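One chain comes next, on its own, written out as structure tokens in the form predicted alone.
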């Protein structure tokens, strides 16, 4: 069994519904078991700044899928949720990225793990370290909580996790 961390972000339409839909799709995918998700964080856009703010979460999952199969699932979910890739770093209904896959360092034409820009992005590092405070970068050996970008600010807690008594996590 493999452990992976994914980031999920959205800045179009009903952002909370898009996050819920992405989680529902992950849970419904054979070979994936969603273990936990972070709180929801709101952040200003990166790259193209003339667009709505993003909601971001990180999820931890276990999977029997190989890295490229997991990437295909992420891209399928994005497409099902209406993502159009017209502007790099532009607005999107759903953005699912593989941050980490076990302790592997993967470099191919279609996939880089750890995600190549995650060390620079507080909106990824903060929810990741919420789930896994001791998580270490498999390339640098540094703990992600020690990355300078985590201190940059601009990441606002939008919704915490609430347990509903059945063990399921709910959005607040």
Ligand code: X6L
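Positions refer to the first chain, counted from 1. All figures in this text were calculated on a predicted structure; none of them were measured in a lab.
This protein has a second form, the form predicted together with the named molecule, left out of what is shown; the following refers to that one.
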Exercise for the section: Counting only non-hydrogen atoms, choose the one of 103-111, 41-49, 131-139, 62-70 that falls within 4.5 Å of the named molecule in the predicted bound form. Expected result: 41-49
Exercise for the section: Please run the contact check for residue 121 against the named molecule in the predicted bound form: heavy atoms, 4.5 angstroms, yes or no? Expected result: yes
Practice task
Give a yes/no on whether residue 144 approaches the named molecule to within 4.5 Å in the predicted bound form, heavy atoms considered.
Solution key: no
Practice task
Give, in sequence order, every residue of 1-31 that has a heavy atom within 4.5 Å of the named molecule in the predicted bound form, or say none if there are no such residues.
Solution key: 9
